[in-house]
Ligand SMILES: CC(C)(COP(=O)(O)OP(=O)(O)OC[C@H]1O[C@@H](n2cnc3c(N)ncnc32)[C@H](O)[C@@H]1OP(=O)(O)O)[C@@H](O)C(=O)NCCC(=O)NCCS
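Taking the form predicted alone, here's one chain by itself in structure tokens.
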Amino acid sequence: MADTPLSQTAAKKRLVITGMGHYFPPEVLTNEFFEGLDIGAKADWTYERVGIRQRHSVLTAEDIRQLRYGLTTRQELVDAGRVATMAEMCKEPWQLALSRSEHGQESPAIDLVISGTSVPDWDIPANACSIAAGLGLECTAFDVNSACSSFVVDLHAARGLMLSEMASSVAIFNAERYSTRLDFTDRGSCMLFGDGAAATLLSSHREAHGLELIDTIVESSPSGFQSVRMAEGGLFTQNGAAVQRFAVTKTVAITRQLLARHDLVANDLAYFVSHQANYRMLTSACDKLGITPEQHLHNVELRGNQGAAGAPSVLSANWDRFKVGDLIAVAVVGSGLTWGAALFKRV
């Protein structure tokens, strides 16, 4: 679903991310922890295979041990109040996003809240409503979920609404708690993921400063919908080898497409951020794109695959690094199969 290039939309409206925030739960799970679960995942093997050293979880290490040996269930942990809600996870990133914007700690008038997550609190209502209620935001709220691609898909939806003047100030939340839906006997997936949350404040105010949203692209191949899935009430499953090939191929292709739409090459970018699936995948994609280590921003080594929260958490963590005029490209991939890209300019 390609959108029109900057040259055709600039006259309509200027959209700027005025603030971003991120959050990681305090519990840190190292590769050594997973080695101790007796699932055949040696600490060195894990790092060599995926380039991840540790990740964060809303669950404690003991909770995970209990899950691994079938001594408790996810629902029992939820019922006992041991799983942070998405609204709770979004409070800290929202305050950080506000503090970085021109609003300071005072919340602006928000027209719309969009939530994109792989592991929601609710089937109904929309999780955006529970997040908005938790933050005291009384406005239109709905979910736009495309799993790990949700950040760019959320931006894509918000951009369309804002360019058509149906919204002027949008808050986007991407909170993920994969650790509550993993099979902790499966070494092929359980040590890949980490939990986290990100908040993004997008404004159409003419004088706004931050990351101007230049362009978004979203594409899908629904025939691959079974490649990465989480059935209702079930655990995460994927065809790992096929998904990694898809992720690298589509990351490279859509980044090239994004750059070509604006007559850019890799060297024109100040920074590049991809879906934080695993570090080996990221370096492979960067090598094919000609992205240098100095251009490549990432956090997967210490945070794991945070789903939809991964790319925005990288942007947020590097917020103060960006200088006026910097061009930043973001590329994401996710189940669906869906992939997308966004181009920003620091203004």
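The structure presented is a predicted model; accordingly, all values stated were derived computationally and were not measured. In case it trips you up, residue 1 is the first one in the sequence shown, and so on.
The same protein has a further form, the form predicted in complex with this ligand, not shown here; the description that follows concerns it.
Heavy atoms of Arg187 reach within 4.5 Å of this ligand in the predicted complex, making it an interface residue. In the predicted complex, Leu213 stays away from this ligand, with no heavy atom inside 4.5 Å. Interface membership of Gly40, defined by any non-hydrogen atom within 4.5 Å of this ligand in the predicted complex, is confirmed. Proximity of Val252 to this ligand in the predicted complex falls outside the 4.5 Å heavy atom cutoff. Only one of Met191, Ile131, Val153, Ala97 lies close to this ligand in the predicted complex, with a heavy atom inside 4.5 Å, and it is Met191. Among the residues Leu201, Met89, Ala277, Val273, the one placing a heavy atom within 4.5 Å of this ligand in the predicted complex is Ala277. Site residues Val228, Asn305 and Ser335 are all in contact with this ligand in the predicted complex, judged by any heavy atom within 4.5 Å.
Residues of just one listed stretch (317-325, 22-30, 47-55, 64-72) have heavy atoms within 4.5 Å of this ligand in the predicted complex: 47-55.
In the predicted complex, the residues of 236-256 lying within 4.5 Å of this ligand by at least one heavy atom are, in order, Gln238, Gly240, Ala241, Val243, Gln244, Ala247.
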